[in-house]
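As a starting point, one isolated chain is supplied in C-alpha cells, in the form predicted on its own.
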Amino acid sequence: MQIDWFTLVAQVINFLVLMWLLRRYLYKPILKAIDERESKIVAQLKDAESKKKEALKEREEFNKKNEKFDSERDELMQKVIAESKEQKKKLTEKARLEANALKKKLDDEILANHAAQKNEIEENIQREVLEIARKTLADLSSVDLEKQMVRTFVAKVNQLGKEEKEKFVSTLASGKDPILVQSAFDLSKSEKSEIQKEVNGLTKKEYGFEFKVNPKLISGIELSANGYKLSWTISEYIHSFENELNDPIQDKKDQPSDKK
C-alpha cells in the first residue's frame, strides 16, 4: 500500500493547528472559567462558613444576652419585691405611729380637758373654802384673813430649815433682779414692809422687791427670785387634803381581792 506523505503531513499539521486552536480558544477559556467558578465556589463556601461562624457567634451572644436579661429580670423582680415589702413595712409602721400619735393626742386632749375641769373645780372649791374661812375668822375673832395669810407666810420664811435657809440666801445673792412677791390680793404698805423686813433680816442684806397681784394663786403669797420659789397658798392645803382622800381609795385598789 502506497502512503501519501503529503496528505499525512497535511493532516498532522491540520491536527496540530486544531489542537492549538482548541487549546488557545476553547480549553484555556473553559479551564479559566472552571478555575474562576471553583474559586468563586471556594470563596462562597468560605463566606458561608464565615457567616455561619458569625451567626453562631451572634447566637451565642444572643443566648448570653438572653441569660443576662433573665438574670437581671429576676434580680430586678427580687429587688422590686424586696422594696415592695420594705415600703409596705414602712407604710405599716407609719400608719401605726400615726395611729399611736392620734391616740396620744386624743388621750392628751381628754387629760387636758379633765385637768382643766379639775383645776376649775379646785379653784371653785378654793374660793369657797377661802370665803368660808374669811367669814369664819371674821365671825369668831374679827381677824382679817388676808393679814393672817401675810403673818403665816412671814412665819414660814422665818421657820425655814438650815439647809433650805442657806439655799434661799445663796440663791438671792446670786442674782441682780429684784425679788418678786405675788399675792392673790393687794398688800398694804405695812404688809409689804413686814415681808421686806423679814427677808432682809434673814439674809442680812438689803434687796429690791417687786410686788404684783396674781389672782391665779387663789388666796396666797409666792416669793420668787432666780428660779427659787417660796409660797404659802390655800392650794397646798387643798392638794394635801385631796391626797389624803385619794390614799385610802388607792390602797383599797392595790389590795388583792379575796374573791376566787
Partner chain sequence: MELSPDERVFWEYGFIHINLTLVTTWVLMAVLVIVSYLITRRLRTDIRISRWQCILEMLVLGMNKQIQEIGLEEPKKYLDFIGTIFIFIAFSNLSIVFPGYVPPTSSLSTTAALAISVFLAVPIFGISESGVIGYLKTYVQPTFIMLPFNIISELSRTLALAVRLFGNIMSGGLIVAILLSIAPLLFPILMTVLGLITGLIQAYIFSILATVYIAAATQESKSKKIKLKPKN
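No experiment lies behind these values; they were computed from the predicted model shown. Positions refer to the first chain, counted from 1.
Unshown form predicted in complex with its partner chain; subsequent notes refer to it.
A single residue from the set Y207, Y27, F211, Y228 has any heavy atom within 4.5 angstroms of its partner chain in the model of the complex; that residue is Y27. A residue is said to contact a partner when one of its heavy atoms sits within 4.5 Å of a partner heavy atom; Q44 meets this definition for its partner chain in the model of the complex.
Proximity of A33 to its partner chain in the model of the complex: non-hydrogen atoms within 4.5 Å are present.
Contact annotation for R37: at least one heavy atom lies within 4.5 Å of its partner chain in the model of the complex. Heavy atoms closer than or equal to 4.5 Å to its partner chain in the model of the complex belong, across 12 to 32, to the residues V12, N14, F15, V17, L18, M19, L21, L22, R23, Y25, L26, Y27, P29, I30, L31, ordered by sequence position.
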